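In the form predicted on its own, a lone chain appears below as C-alpha coordinates.
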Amino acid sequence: MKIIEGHHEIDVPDGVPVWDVDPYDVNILQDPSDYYAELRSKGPFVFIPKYSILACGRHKETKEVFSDWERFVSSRGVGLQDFELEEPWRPRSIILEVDPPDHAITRRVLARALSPKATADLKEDFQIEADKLIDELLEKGSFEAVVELAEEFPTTVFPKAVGLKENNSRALVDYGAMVFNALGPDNELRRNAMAMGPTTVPWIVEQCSRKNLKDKGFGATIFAAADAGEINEEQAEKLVRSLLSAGVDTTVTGIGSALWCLASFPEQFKRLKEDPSLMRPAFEEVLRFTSPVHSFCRTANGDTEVSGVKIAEGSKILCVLGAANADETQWSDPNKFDIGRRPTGHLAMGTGIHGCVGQNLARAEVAAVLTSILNKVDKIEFTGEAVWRPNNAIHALDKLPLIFKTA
(Lines give C-alpha, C1' and ligand atoms only; values in the text may rest on other atoms or scores of the structure.)
Protein backbone atom coordinates (compact mmCIF):
# COMPACT_ATOMS: atom_id res chain seq x y z
CA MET A 1 0.00 0.00 0.00
CA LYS A 2 1.23 3.50 -0.86
CA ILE A 3 2.62 5.71 1.92
CA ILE A 4 1.69 9.41 1.89
CA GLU A 5 3.34 11.80 4.37
CA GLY A 6 4.28 8.90 6.61
CA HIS A 7 0.89 7.14 6.72
CA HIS A 8 -1.06 4.64 4.61
CA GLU A 9 -3.07 5.83 1.65
CA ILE A 10 -6.75 5.15 2.38
CA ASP A 11 -9.88 4.75 0.29
CA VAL A 12 -12.62 7.36 0.34
CA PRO A 13 -15.35 6.15 2.75
CA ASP A 14 -18.83 5.85 1.27
CA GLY A 15 -20.80 9.08 1.46
CA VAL A 16 -17.83 11.27 2.40
CA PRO A 17 -17.26 14.28 0.13
CA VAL A 18 -13.86 14.69 -1.50
CA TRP A 19 -12.47 18.16 -0.96
CA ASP A 20 -9.43 19.24 -2.95
CA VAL A 21 -8.08 21.62 -0.31
CA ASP A 22 -4.69 21.94 1.35
CA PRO A 23 -5.28 22.66 5.06
CA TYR A 24 -1.56 23.50 5.33
CA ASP A 25 -1.67 26.19 2.66
CA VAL A 26 -0.05 29.34 4.07
CA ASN A 27 -3.07 31.51 3.24
CA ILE A 28 -5.40 29.16 5.11
CA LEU A 29 -3.06 28.95 8.09
CA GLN A 30 -2.94 32.74 8.33
CA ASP A 31 -6.69 33.26 7.94
CA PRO A 32 -8.59 29.97 8.41
CA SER A 33 -12.13 31.24 9.06
CA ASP A 34 -13.52 30.51 5.56
CA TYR A 35 -11.83 27.10 5.55
CA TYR A 36 -13.36 26.30 8.94
CA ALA A 37 -16.85 27.27 7.79
CA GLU A 38 -16.67 25.29 4.54
CA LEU A 39 -15.28 22.23 6.33
CA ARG A 40 -18.27 22.20 8.70
CA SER A 41 -20.73 22.78 5.86
CA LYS A 42 -19.58 19.70 3.93
CA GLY A 43 -20.61 17.20 6.59
CA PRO A 44 -19.21 15.23 9.53
CA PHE A 45 -16.05 14.35 7.59
CA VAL A 46 -14.32 15.21 4.34
CA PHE A 47 -11.64 13.31 2.45
CA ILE A 48 -8.60 15.37 1.48
CA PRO A 49 -6.84 13.61 -1.44
CA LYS A 50 -3.60 15.62 -1.26
CA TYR A 51 -2.75 13.85 2.01
CA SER A 52 -5.19 10.90 1.88
CA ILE A 53 -6.70 11.87 5.23
CA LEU A 54 -10.11 12.43 6.73
CA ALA A 55 -10.82 15.76 8.39
CA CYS A 56 -13.57 16.73 10.80
CA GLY A 57 -14.57 20.23 11.87
CA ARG A 58 -17.97 19.92 13.49
CA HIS A 59 -17.90 19.98 17.28
CA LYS A 60 -19.69 16.65 17.80
CA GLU A 61 -17.46 14.49 15.62
CA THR A 62 -14.26 16.35 16.45
CA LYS A 63 -14.83 15.87 20.17
CA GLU A 64 -15.64 12.18 19.70
CA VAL A 65 -12.54 11.44 17.64
CA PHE A 66 -10.28 13.64 19.72
CA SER A 67 -11.31 12.17 23.06
CA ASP A 68 -11.90 8.46 22.35
CA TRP A 69 -8.39 7.19 23.00
CA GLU A 70 -9.32 3.53 22.52
CA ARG A 71 -10.58 3.90 18.93
CA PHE A 72 -8.49 6.91 17.90
CA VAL A 73 -5.02 6.70 19.33
CA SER A 74 -2.28 9.25 19.93
CA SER A 75 0.50 6.65 20.16
CA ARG A 76 0.70 6.49 16.36
CA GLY A 77 1.45 10.22 16.24
CA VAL A 78 -0.66 13.36 16.58
CA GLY A 79 0.57 14.64 13.22
CA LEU A 80 0.33 13.18 9.73
CA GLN A 81 3.10 10.63 10.33
CA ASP A 82 2.08 7.15 11.54
CA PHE A 83 4.64 5.99 14.08
CA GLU A 84 3.82 2.35 13.25
CA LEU A 85 5.24 2.98 9.80
CA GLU A 86 8.03 5.51 10.39
CA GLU A 87 10.18 6.62 13.28
CA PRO A 88 9.49 10.19 14.49
CA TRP A 89 12.13 12.89 14.13
CA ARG A 90 12.74 12.81 17.88
CA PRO A 91 11.95 10.19 20.53
CA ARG A 92 8.18 10.27 20.90
CA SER A 93 6.61 12.24 23.74
CA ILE A 94 5.67 9.91 26.60
CA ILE A 95 2.80 12.20 27.54
CA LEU A 96 1.37 13.43 24.20
CA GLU A 97 2.16 10.46 21.96
CA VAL A 98 1.30 7.52 24.20
CA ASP A 99 -1.92 5.77 25.26
CA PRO A 100 -3.05 4.01 28.44
CA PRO A 101 -1.87 2.22 30.43
CA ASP A 102 1.57 3.83 29.98
CA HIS A 103 0.00 7.27 29.63
CA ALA A 104 -1.55 7.08 33.11
CA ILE A 105 1.85 6.64 34.78
CA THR A 106 3.62 9.53 33.09
CA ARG A 107 0.62 11.85 33.26
CA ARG A 108 0.29 11.23 37.00
CA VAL A 109 3.90 12.28 37.54
CA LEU A 110 3.57 15.37 35.35
CA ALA A 111 0.23 16.33 36.94
CA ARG A 112 1.90 16.15 40.37
CA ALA A 113 4.68 18.47 39.22
CA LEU A 114 2.12 20.92 37.81
CA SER A 115 -0.36 20.53 40.67
CA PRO A 116 -2.72 23.34 41.71
CA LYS A 117 -0.59 23.90 44.81
CA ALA A 118 2.63 24.12 42.78
CA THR A 119 0.94 26.60 40.45
CA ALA A 120 -0.50 28.63 43.34
CA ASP A 121 2.96 28.92 44.88
CA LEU A 122 4.16 30.66 41.71
CA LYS A 123 1.37 33.22 41.37
CA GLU A 124 3.07 35.91 43.45
CA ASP A 125 6.28 35.64 41.42
CA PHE A 126 4.29 35.67 38.19
CA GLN A 127 2.51 38.85 39.24
CA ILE A 128 5.72 40.61 40.21
CA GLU A 129 7.26 39.82 36.82
CA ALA A 130 4.08 40.81 34.95
CA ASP A 131 3.84 44.16 36.77
CA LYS A 132 7.47 44.89 36.03
CA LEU A 133 7.06 44.09 32.35
CA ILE A 134 3.84 46.08 31.86
CA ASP A 135 5.42 49.10 33.60
CA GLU A 136 8.35 48.91 31.18
CA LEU A 137 6.05 48.73 28.16
CA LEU A 138 3.94 51.66 29.39
CA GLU A 139 7.09 53.73 29.71
CA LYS A 140 8.33 52.66 26.31
CA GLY A 141 5.18 53.60 24.38
CA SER A 142 4.59 51.53 21.24
CA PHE A 143 6.08 48.04 21.19
CA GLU A 144 6.04 44.75 19.28
CA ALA A 145 3.82 42.64 21.52
CA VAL A 146 4.75 39.18 20.24
CA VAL A 147 8.44 39.47 21.08
CA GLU A 148 8.32 42.02 23.87
CA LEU A 149 5.38 40.62 25.82
CA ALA A 150 3.88 37.34 24.56
CA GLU A 151 7.31 35.70 24.25
CA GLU A 152 9.14 37.69 26.90
CA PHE A 153 6.89 36.84 29.83
CA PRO A 154 6.66 33.03 29.50
CA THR A 155 10.34 32.65 28.63
CA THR A 156 11.16 34.60 31.79
CA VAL A 157 8.91 32.87 34.32
CA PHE A 158 8.55 29.36 32.92
CA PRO A 159 12.24 28.32 32.94
CA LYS A 160 12.41 29.44 36.58
CA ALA A 161 9.32 27.36 37.39
CA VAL A 162 10.86 24.30 35.73
CA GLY A 163 14.10 24.92 37.61
CA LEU A 164 16.43 25.40 34.65
CA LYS A 165 19.86 26.60 35.68
CA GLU A 166 20.31 28.19 32.27
CA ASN A 167 17.80 30.07 30.14
CA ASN A 168 17.79 30.55 26.37
CA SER A 169 14.57 32.26 25.33
CA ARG A 170 15.25 31.93 21.61
CA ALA A 171 15.90 28.20 21.84
CA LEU A 172 12.68 27.64 23.81
CA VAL A 173 10.57 29.52 21.26
CA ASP A 174 12.30 27.91 18.27
CA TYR A 175 11.96 24.42 19.71
CA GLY A 176 8.22 24.93 20.14
CA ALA A 177 8.00 25.98 16.48
CA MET A 178 9.86 22.81 15.50
CA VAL A 179 7.63 20.51 17.52
CA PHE A 180 4.36 21.88 16.18
CA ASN A 181 5.46 22.37 12.55
CA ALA A 182 6.71 18.78 12.57
CA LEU A 183 3.10 17.61 12.90
CA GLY A 184 2.34 18.72 9.36
CA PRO A 185 3.48 17.59 5.91
CA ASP A 186 6.96 17.93 4.46
CA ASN A 187 6.28 21.50 3.41
CA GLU A 188 8.42 24.62 3.58
CA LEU A 189 7.18 25.45 7.07
CA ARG A 190 8.29 22.08 8.39
CA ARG A 191 11.62 22.15 6.56
CA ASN A 192 12.47 25.65 7.79
CA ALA A 193 11.57 24.70 11.35
CA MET A 194 13.58 21.49 11.27
CA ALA A 195 16.60 23.42 9.94
CA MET A 196 16.83 25.01 13.40
CA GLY A 197 17.44 21.60 14.92
CA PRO A 198 21.27 21.53 14.95
CA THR A 199 21.44 24.68 17.09
CA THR A 200 18.26 24.20 19.13
CA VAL A 201 17.82 20.51 19.92
CA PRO A 202 21.19 19.88 21.62
CA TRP A 203 20.56 22.74 24.05
CA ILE A 204 17.04 21.50 24.84
CA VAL A 205 18.23 17.92 25.41
CA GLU A 206 21.04 19.11 27.67
CA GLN A 207 18.67 21.07 29.90
CA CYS A 208 16.54 17.98 30.54
CA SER A 209 19.22 16.17 32.52
CA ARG A 210 19.15 16.18 36.31
CA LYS A 211 22.49 17.98 36.60
CA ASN A 212 21.13 21.05 34.80
CA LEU A 213 18.07 21.42 37.03
CA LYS A 214 17.85 23.12 40.40
CA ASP A 215 16.68 21.16 43.42
CA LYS A 216 13.39 23.04 43.44
CA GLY A 217 10.90 23.27 40.59
CA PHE A 218 8.85 21.11 38.25
CA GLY A 219 11.96 19.28 37.07
CA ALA A 220 12.97 18.34 40.61
CA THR A 221 9.49 16.93 41.28
CA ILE A 222 9.71 14.80 38.15
CA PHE A 223 13.13 13.42 39.06
CA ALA A 224 11.86 12.71 42.58
CA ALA A 225 9.38 10.35 40.93
CA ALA A 226 12.34 8.61 39.27
CA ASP A 227 14.05 8.29 42.65
CA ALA A 228 10.86 6.72 44.02
CA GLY A 229 10.80 4.16 41.21
CA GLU A 230 7.60 5.41 39.52
CA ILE A 231 9.49 6.16 36.31
CA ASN A 232 13.09 5.71 35.21
CA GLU A 233 15.74 8.37 34.60
CA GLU A 234 15.19 8.40 30.84
CA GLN A 235 11.46 8.90 31.29
CA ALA A 236 12.11 11.77 33.69
CA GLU A 237 14.27 13.49 31.09
CA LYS A 238 11.57 12.99 28.46
CA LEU A 239 8.93 14.51 30.73
CA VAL A 240 11.10 17.59 31.28
CA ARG A 241 11.51 17.77 27.51
CA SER A 242 7.72 17.66 27.17
CA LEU A 243 7.51 20.68 29.47
CA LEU A 244 10.00 22.57 27.34
CA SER A 245 8.28 21.67 24.07
CA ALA A 246 4.66 22.35 25.02
CA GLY A 247 4.96 24.68 28.00
CA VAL A 248 6.18 27.78 26.19
CA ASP A 249 4.84 28.03 22.64
CA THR A 250 1.18 27.50 23.54
CA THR A 251 1.33 30.09 26.35
CA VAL A 252 3.08 32.56 24.06
CA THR A 253 0.25 32.03 21.58
CA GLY A 254 -2.42 32.40 24.25
CA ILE A 255 -1.04 35.70 25.52
CA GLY A 256 -0.65 37.08 22.00
CA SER A 257 -4.17 36.02 21.07
CA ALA A 258 -5.60 37.62 24.22
CA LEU A 259 -3.89 40.92 23.42
CA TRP A 260 -5.12 40.78 19.82
CA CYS A 261 -8.70 40.13 20.93
CA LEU A 262 -8.73 42.95 23.49
CA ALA A 263 -7.21 45.39 21.00
CA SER A 264 -9.59 44.27 18.24
CA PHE A 265 -12.68 44.56 20.44
CA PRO A 266 -12.15 47.59 22.68
CA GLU A 267 -15.70 47.41 24.03
CA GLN A 268 -14.87 43.98 25.45
CA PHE A 269 -11.69 45.31 27.05
CA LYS A 270 -13.73 48.12 28.61
CA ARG A 271 -16.22 45.57 29.88
CA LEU A 272 -13.40 43.51 31.38
CA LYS A 273 -11.90 46.51 33.15
CA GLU A 274 -15.29 47.31 34.63
CA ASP A 275 -15.76 43.72 35.79
CA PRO A 276 -12.44 41.90 36.35
CA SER A 277 -14.35 38.84 37.58
CA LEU A 278 -14.87 38.10 33.87
CA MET A 279 -11.13 37.46 33.42
CA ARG A 280 -11.41 33.66 33.48
CA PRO A 281 -14.32 33.42 31.01
CA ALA A 282 -12.62 36.11 28.91
CA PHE A 283 -9.56 33.92 28.46
CA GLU A 284 -11.71 30.86 27.75
CA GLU A 285 -13.40 32.92 25.04
CA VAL A 286 -9.98 33.91 23.66
CA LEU A 287 -9.11 30.22 23.43
CA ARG A 288 -12.40 29.35 21.73
CA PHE A 289 -12.32 32.33 19.38
CA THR A 290 -8.70 32.00 18.22
CA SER A 291 -7.94 28.29 18.85
CA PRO A 292 -4.17 28.52 19.48
CA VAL A 293 -3.84 24.83 18.54
CA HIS A 294 -5.77 24.72 15.28
CA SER A 295 -5.42 21.01 14.42
CA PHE A 296 -4.15 17.71 15.81
CA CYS A 297 -4.39 14.24 14.31
CA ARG A 298 -5.59 10.92 15.62
CA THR A 299 -5.18 7.48 14.01
CA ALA A 300 -7.97 4.91 13.81
CA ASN A 301 -6.67 1.89 15.68
CA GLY A 302 -9.25 -0.43 14.11
CA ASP A 303 -12.21 -0.37 11.78
CA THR A 304 -14.89 1.82 13.34
CA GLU A 305 -17.73 4.22 12.60
CA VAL A 306 -18.58 7.81 13.55
CA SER A 307 -21.85 9.54 12.61
CA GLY A 308 -22.59 6.85 10.04
CA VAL A 309 -19.15 7.16 8.39
CA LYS A 310 -17.14 3.93 8.21
CA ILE A 311 -13.50 4.59 9.10
CA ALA A 312 -10.83 2.02 8.26
CA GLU A 313 -7.98 1.03 10.54
CA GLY A 314 -4.91 3.17 9.96
CA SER A 315 -6.88 6.20 8.75
CA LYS A 316 -5.35 9.51 9.76
CA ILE A 317 -7.99 11.97 10.94
CA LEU A 318 -7.27 15.67 11.10
CA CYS A 319 -9.25 17.04 14.04
CA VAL A 320 -9.70 20.71 13.16
CA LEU A 321 -10.17 22.20 16.61
CA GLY A 322 -10.45 25.73 15.28
CA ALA A 323 -13.45 24.77 13.16
CA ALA A 324 -15.10 22.87 16.01
CA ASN A 325 -14.70 25.86 18.30
CA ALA A 326 -16.66 28.00 15.84
CA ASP A 327 -19.51 25.51 15.33
CA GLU A 328 -22.79 27.43 15.24
CA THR A 329 -24.66 24.36 16.52
CA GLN A 330 -22.59 24.51 19.71
CA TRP A 331 -22.49 28.28 20.33
CA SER A 332 -24.79 31.08 19.28
CA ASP A 333 -23.13 33.71 17.09
CA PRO A 334 -19.75 31.91 17.29
CA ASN A 335 -17.93 34.50 15.18
CA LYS A 336 -18.55 37.12 17.85
CA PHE A 337 -15.96 37.63 20.59
CA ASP A 338 -17.96 37.83 23.81
CA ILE A 339 -16.15 37.68 27.17
CA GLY A 340 -19.40 36.90 28.97
CA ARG A 341 -20.08 33.79 26.90
CA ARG A 342 -18.53 31.21 29.27
CA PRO A 343 -17.77 28.78 26.40
CA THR A 344 -17.82 25.49 28.28
CA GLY A 345 -16.84 22.62 26.04
CA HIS A 346 -14.36 24.33 23.73
CA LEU A 347 -11.56 22.06 22.54
CA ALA A 348 -8.65 24.50 22.58
CA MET A 349 -7.02 22.78 25.57
CA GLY A 350 -7.89 19.29 24.40
CA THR A 351 -10.36 16.98 26.09
CA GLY A 352 -10.42 13.61 27.82
CA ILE A 353 -7.25 11.94 28.99
CA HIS A 354 -5.15 14.08 26.64
CA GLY A 355 -6.45 17.40 27.93
CA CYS A 356 -3.55 19.81 28.41
CA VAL A 357 -1.89 18.78 31.68
CA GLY A 358 -0.33 22.24 32.06
CA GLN A 359 -3.46 24.27 31.43
CA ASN A 360 -3.69 25.57 35.02
CA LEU A 361 -0.14 26.87 34.75
CA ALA A 362 -0.84 28.52 31.39
CA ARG A 363 -3.96 30.16 32.83
CA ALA A 364 -1.97 31.40 35.82
CA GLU A 365 0.61 33.03 33.55
CA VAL A 366 -2.06 34.67 31.41
CA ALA A 367 -3.96 35.78 34.51
CA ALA A 368 -0.86 37.56 35.84
CA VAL A 369 -0.43 39.46 32.57
CA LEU A 370 -4.11 40.37 32.28
CA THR A 371 -4.33 41.42 35.94
CA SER A 372 -1.44 43.80 35.46
CA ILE A 373 -2.95 45.20 32.26
CA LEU A 374 -6.36 45.72 33.88
CA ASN A 375 -4.73 47.52 36.81
CA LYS A 376 -2.42 49.74 34.78
CA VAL A 377 -3.73 50.13 31.20
CA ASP A 378 -6.82 52.01 30.04
CA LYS A 379 -6.59 51.39 26.29
CA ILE A 380 -4.89 48.84 24.04
CA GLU A 381 -4.47 50.11 20.50
CA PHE A 382 -2.85 48.83 17.32
CA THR A 383 0.01 50.89 15.92
CA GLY A 384 0.24 48.79 12.76
CA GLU A 385 -1.17 45.67 11.17
CA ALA A 386 -1.25 42.41 13.10
CA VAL A 387 0.22 39.49 11.14
CA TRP A 388 -0.51 35.84 11.84
CA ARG A 389 2.35 33.35 11.60
CA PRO A 390 1.61 30.20 9.58
CA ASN A 391 2.35 27.01 11.49
CA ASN A 392 1.24 23.45 10.76
CA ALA A 393 -0.49 23.07 14.15
CA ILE A 394 -0.47 26.44 15.96
CA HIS A 395 -2.49 29.56 15.09
CA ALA A 396 -0.12 32.22 16.39
CA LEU A 397 0.70 35.84 15.80
CA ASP A 398 3.94 36.82 14.12
CA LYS A 399 3.66 40.60 14.52
CA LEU A 400 1.46 42.54 16.92
CA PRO A 401 2.35 46.24 17.08
CA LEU A 402 0.58 47.82 20.05
CA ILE A 403 0.59 50.73 22.45
CA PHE A 404 -0.72 50.72 26.01
CA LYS A 405 -2.37 53.97 27.05
CA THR A 406 -3.41 55.36 30.41
CA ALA A 407 -6.17 57.88 30.98
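Here the structure is a predicted model, which means the values were calculated and not measured. One-based numbering along the sequence shown.
The following text describes the form predicted together with protoporphyrin IX containing FE (HEM), which does not appear among the structures shown.
Using the partner position in the model of the complex, report whether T200 sits within 4.5 Å of protoporphyrin IX containing FE (HEM), counting heavy atoms only. Close contact is absent here: in the model of the complex, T200 is far from protoporphyrin IX containing FE (HEM), nothing within 4.5 Å, heavy atoms only.
Consider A348 of the chain shown here, and say whether it contacts protoporphyrin IX containing FE (HEM) in the model of the complex, taking contact as heavy atoms within 4.5 Å. Heavy-atom contact with protoporphyrin IX containing FE (HEM) at 4.5 Å: present for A348.
Going by a heavy atom distance of 4.5 Å, is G358 a contact of protoporphyrin IX containing FE (HEM) in the model of the complex? Contact check for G358: yes, within 4.5 Å of protoporphyrin IX containing FE (HEM) in the model of the complex.
Answer yes if any heavy atom of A37 is within 4.5 Å of a heavy atom of protoporphyrin IX containing FE (HEM) in the model of the complex; otherwise answer no. Because no heavy atom of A37 falls inside 4.5 Å of protoporphyrin IX containing FE (HEM) in the model of the complex, the answer is no.
Protoporphyrin IX containing FE (HEM) in the model of the complex: contacted by all of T155, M178 and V205, heavy atom 4.5 Å: Checked in the model of the complex: no contact with protoporphyrin IX containing FE (HEM) for any of the three.
Location of protoporphyrin IX containing FE (HEM) contact in the model of the complex, chosen stretch of 168-176, 291-299, 226-234, 260-268 [non-hydrogen atom, 4.5 Å]: Flagged stretch: 291-299.
Can you pick out, from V78, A161, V146, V109, the residue that has a heavy atom within 4.5 Å of protoporphyrin IX containing FE (HEM) in the model of the complex? Exactly one residue meets the criterion: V78.
Under a 4.5 angstroms heavy atom criterion, identify the one residue in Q330, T304, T221, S242 near protoporphyrin IX containing FE (HEM) in the model of the complex. Selected option: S242.
Do any residues of 249-281 have a non-hydrogen atom within 4.5 angstroms of protoporphyrin IX containing FE (HEM) in the model of the complex? If so, which ones, in sequence order? Residues within 4.5 Å: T250, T251, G254.
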